[in-house]
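Just one chain follows, in the form predicted alone, and it is written as structure tokens.
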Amino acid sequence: MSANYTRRELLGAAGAAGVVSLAGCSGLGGGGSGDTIVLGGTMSLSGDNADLGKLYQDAYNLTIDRINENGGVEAGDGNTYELELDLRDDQTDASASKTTYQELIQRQDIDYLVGPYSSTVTLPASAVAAQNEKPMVEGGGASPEIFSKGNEWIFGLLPTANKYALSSIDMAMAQSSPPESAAILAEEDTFSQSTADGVRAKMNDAGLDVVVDESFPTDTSDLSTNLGKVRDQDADILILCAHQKHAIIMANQMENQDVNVDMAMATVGSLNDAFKDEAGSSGNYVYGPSSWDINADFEDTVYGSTSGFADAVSGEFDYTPDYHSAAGETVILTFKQAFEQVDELTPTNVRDAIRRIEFTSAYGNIAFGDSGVIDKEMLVYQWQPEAGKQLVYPENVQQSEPTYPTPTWSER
């Protein structure tokens, strides 16, 4: 390697080409033989989900750099290791991701896997991990289906998708003029359909009349017809079960369709800076769920605290981290903690250590349940015109009260 390039510059150049791979620097595989442990995986580094994929990639790289700068991982086998990352672009394509994980395991001899983004991609990728008996820790797939198949090799850092929108419904029902009717628009993918299942059950329990319940193709760029039905049925609240692309479309098309609801919430991608940059003022008053509060104060062995992590990300990348970032950091930290606890580095030993692990990170208290998924409740944020993104529910941790009902377009 040329001395003219820093490690971060090399990572950035490789990432732009679709691969982040520095395993060749040491000539060592992913099993921990020698002084380097390689973590491998795929991520949405291009395409519609690239904004969110970048959050994970940045968190992975920054955390690995910090760990190595602080002396590496002092493993339970008595050796000290540096971490390296082999992260490849899957463009949110499940087939491409599955093939890449097989290559990482079978050709690159990588034993420890970081998961991809989106449930549709994570489900088949986790099956590859199980077939090859390699532990996978992921912060980008939340469908309950991932964790319902008895896969003992997959560990997830997000609440399951069916929980994503529940707190927002609780918030709406707690208002002085609670909603009576609701609309559900759901993308036709694994995560969004699981989210919609949870929403329907919650709305039924709350006694809400679901007046619109429609799904739409992932590749659509127009929700005007769906939103027109929400308007015509005079729904009080709207839950969009989808990703960032469609959250932006919803925000931008609601004004054109004169859709006035008391609450409009999108389940993924509505809380990061890229959403607000694209949606502009149309993104005002939109709600979104998060498994993480940036203002929390948890201890973190790499960054010191939650605020230390947030400051490090914003200082390095010039954006405010969200829960995808914090989950990404904790993917790396989970492996670090497991490596430190085993007296011999093997995939089975590391998997067993992850299963019983308990620690704190910038993301919060970390422990995996019997199915391998973390137990977290979702917080609710809202974009407010003057204050920006504000934590509005639950009340005991809110920064601001929700602006509810949302002002009509003619009142803004």
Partner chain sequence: MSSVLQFVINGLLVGALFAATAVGFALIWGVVDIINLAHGEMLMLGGYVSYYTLVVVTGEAVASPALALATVPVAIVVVFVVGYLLQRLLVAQVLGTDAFLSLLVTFGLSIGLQQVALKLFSADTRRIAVEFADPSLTVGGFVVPKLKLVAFAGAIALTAALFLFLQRTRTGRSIRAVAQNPEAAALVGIDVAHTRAVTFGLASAIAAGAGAFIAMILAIQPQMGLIYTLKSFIIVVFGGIGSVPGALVGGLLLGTVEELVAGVVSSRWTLAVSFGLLIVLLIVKPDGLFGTGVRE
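Residue numbers count along the first chain shown, from 1. This structure is a prediction, so every number in the text was calculated from the model and none was measured.
Not pictured, yet referred to below: the form predicted in complex with the partner chain.
- With the partner removed from view, the residue among Ile169, Ala312, Ala279, Val261 that has a non-hydrogen atom within 4.5 Å of the partner chain in the predicted bound form turns out to be Ala279.
- Between the options Lys134, Lys98, Lys202, Lys245, the residue in contact with the partner chain in the predicted bound form by a heavy atom within 4.5 angstroms is Lys245.
- The partner chain in the predicted bound form is approached by Asn252, whose closest heavy atom lies within 4.5 angstroms of it.
- The partner chain is not drawn, but in the predicted bound form it has no heavy atom within 4.5 Å of Asn68.
- Contact annotation: Pro217 falls within 4.5 Å of the partner chain in the predicted bound form, judged by heavy atom distances.
- Shown alone here, Asp51 lies within 4.5 Å of the partner chain in the predicted bound form, counting heavy atoms only.
- Here the chain stands by itself, but in the predicted bound form one stretch of 186-194, 297-305, 204-212, 137-145, 186-194, has heavy atoms within 4.5 Å of the partner chain.
- With contact defined as any non-hydrogen atom lying within 4.5 angstroms of the partner chain in the predicted bound form, the contacting residues in 207-230 are Glu214, Ser215, Phe216, Pro217, Asp219, Ser221, Asp222, Ser224, Thr225, Asn226, Lys229, given in sequence order.
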